[in-house]
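Shown next as structure tokens: one chain only, the form predicted on its own.
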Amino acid sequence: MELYELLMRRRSVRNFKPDEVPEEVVAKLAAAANNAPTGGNMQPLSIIAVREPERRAKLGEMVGSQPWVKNAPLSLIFCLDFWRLKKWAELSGVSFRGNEALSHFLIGYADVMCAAQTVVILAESLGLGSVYVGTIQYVADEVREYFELPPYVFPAMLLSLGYPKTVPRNVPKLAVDVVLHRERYEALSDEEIRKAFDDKYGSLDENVEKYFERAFVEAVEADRQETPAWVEAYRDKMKELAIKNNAEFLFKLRYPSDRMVEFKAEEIETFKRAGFDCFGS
């Protein structure tokens, strides 16, 4: 299969077979992550491979009772790791203060995500499916304690992997012409923006379960696996909030704008407790 075809067929997979991922495959995934692009070749990356059922279950519970995390035979916690760099600098008689510098943090975070996406692509080529779980950042304190992360190490992203039992048929995306700008930013008109997102998400005036199958597949998968009532709960909340369109569903219910902004202060304190003082007060 050509790389382009592989990339275009990739989907986030949340329904895995129980088959273990062989150690030689895990080693290949780790090697590919280690070879990913990194600013200044500093490699501020550590990866925790979680395979033991008890730890998988605990991890799934921590990130919001997401059953695919517990059921996936392998989860990789991608960590931004400045502890190793700081220790090396100290042993060499020099100071590394990347945890205080926003530029170091941003580039380091990008490094971590380059490594994670490299794993996603290789995993797909090896017949594995994967899903990112960003909510690990919301429980970083608990994750750091449970997995014994030292200071200056932050769990930036969780990737759960395994051999797919089922793969989503389609995930709505904006048209490429909406995303690609040539030579300069080409601002769309109000009508073009409205049409772009209508084309992506379709209409809300339909069966809620069918809408979720297309636009909120994790709710459907949670119901299918072992956490029933996600779809029902979201359907009831949609009625309560009088959700009328896709944007309201996204920014009033799924990712409430006010709550996301309010959470910023909590996030900054979480980073500070990990030793990252690059965000100011």
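Please read all numbers here as calculations on a predicted model, not as lab measurements. Numbers follow the displayed sequence, beginning with 1.
The following text describes the form predicted in complex with another copy of the chain, which does not appear among the structures shown.
Residue contact check for D141: none of its heavy atoms lie within 4.5 Å of another copy of the chain in the model of the complex. Under a 4.5 angstroms non-hydrogen atom cutoff, another copy of the chain in the model of the complex lacks V231 among its neighbouring residues. Using a 4.5 Å cutoff between non-hydrogen atoms, G39 counts as a contact of another copy of the chain in the model of the complex. Interface membership of R184, defined by any non-hydrogen atom within 4.5 Å of another copy of the chain in the model of the complex, is confirmed.
Counting a residue when any of its non-hydrogen atoms is within 4.5 Å of another copy of the chain in the model of the complex, the hits in 10-27 run R10, R11, E23, V26.
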